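As structure tokens, one chain now follows by itself in the form predicted alone.
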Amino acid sequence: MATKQSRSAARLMMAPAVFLLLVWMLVPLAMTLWFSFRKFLPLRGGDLGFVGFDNYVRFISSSSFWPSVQTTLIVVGSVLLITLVLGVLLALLLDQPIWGQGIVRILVIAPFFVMPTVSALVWKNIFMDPVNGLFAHLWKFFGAEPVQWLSQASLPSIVMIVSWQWLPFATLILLTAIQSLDSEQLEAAEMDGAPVLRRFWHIIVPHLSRAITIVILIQTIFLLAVFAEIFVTTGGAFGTKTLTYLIYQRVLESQNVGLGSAGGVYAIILANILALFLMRIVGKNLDA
């Protein structure tokens, strides 16, 4: 049992790390808030003074703002749906005793360790190239016209690339949850004559509820900041401009740090709204 002195010593030892973490988080946030209220043009005069909420009004009244928010939510929702459905199926498959099970699991998880820029380049040049890509040759084999993926199906292409990257993560978490399932429950249900689908819906899915909510929470946080895949493939064109990419354009392409900082604040607000909503779901499942 910890004494008062030991708890005080623990807090004292943790204080430097907590302080550094707070500085690491709060300083960039404070700078973002500061610049969002100023007109700061690095290559056109520098800091031109306080402008109040003008940057916020300009950013939200931009014709690109709401479409970028919509695109962001579509990408996040689509990737979550694909990775959860395929993740559950892959986890169930990998849980079965098969030859070379360890190698198969490594191959399934491997895409998660590929850099987003590299994976986007691979998909763009090897799979989705309309002339020499694997998909183009497959379409020609069946007598169909190759698809211009990054222009005709740009948003589905982004969703496909990002889903391929995050599917291993969802599979790994769900596989761990499935392996913790008591096999006696499934055996008892099977002996009682319950069909496979009923055993899946009434035993496996409820057992996976906590793992699913954790996957949703973690992936959503990172998916809101998807950037490299869009930058490498479409450059924000053809309806693939997310809120993150719009902020990039305002800061680097337009050289307007104040306007981009206001967009960053909007992104923080959106992320916190989704986080609060998801935390309520996670809290209910963890308390169940």
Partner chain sequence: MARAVTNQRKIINTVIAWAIGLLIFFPILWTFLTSFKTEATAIADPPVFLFFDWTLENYTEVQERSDYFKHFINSVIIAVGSTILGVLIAIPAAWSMAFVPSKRTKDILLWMLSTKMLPAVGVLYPIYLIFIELGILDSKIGLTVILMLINLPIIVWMLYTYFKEIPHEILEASRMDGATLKAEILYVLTPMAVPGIASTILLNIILAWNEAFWTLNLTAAKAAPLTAFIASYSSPEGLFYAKLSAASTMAIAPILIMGWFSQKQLVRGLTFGAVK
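Positions refer to the first chain, counted from 1. Just so we're on the same page, rigid core means the largest C-alpha set that superposes within 1.5 Å between forms. Just so we're clear, the structure is a prediction, and the values are computed from it rather than from any experiment.
From this point on, the text means the form predicted together with its partner chain, which you will not see here.
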Checklist entry - Though only this chain appears here, would P28 touch its partner chain in the predicted complex if you measure heavy atom gaps against 4.5 Å? => result yes
Checklist entry - Is there any non-hydrogen atom of T244 lying within 4.5 Å of its partner chain in the predicted complex? => result yes
Item to check | its partner chain contact at P111 in the predicted complex, heavy atom, 4.5 Å | outcome: yes
Next on the checklist: Taking its partner chain as it sits in the predicted complex, is N125 in contact with it (heavy atom to heavy atom, 4.5 Å or less)?
Outcome noted: yes
Next on the checklist: Between its partner chain and L84, A144 and G236, in the predicted complex, does every residue show a non-hydrogen atom at 4.5 Å or closer?
Outcome noted: no
Item to check | Candidate from V104, I203, A188, I74 lying within 4.5 Å of its partner chain in the predicted complex - any heavy atom | outcome: V104
Next on the checklist: Using a 4.5 Å heavy atom cutoff, which residues in 15-31 contact its partner chain in the predicted complex? It's fine if the answer is none.
Outcome noted: P16, A17, V18, L20, L21, L22, W24, M25, V27, P28, L29, M31
Checklist entry - Does superposing the core leave L274 with a CA shift of 2 Å or more between this form and the one not shown? => result yes
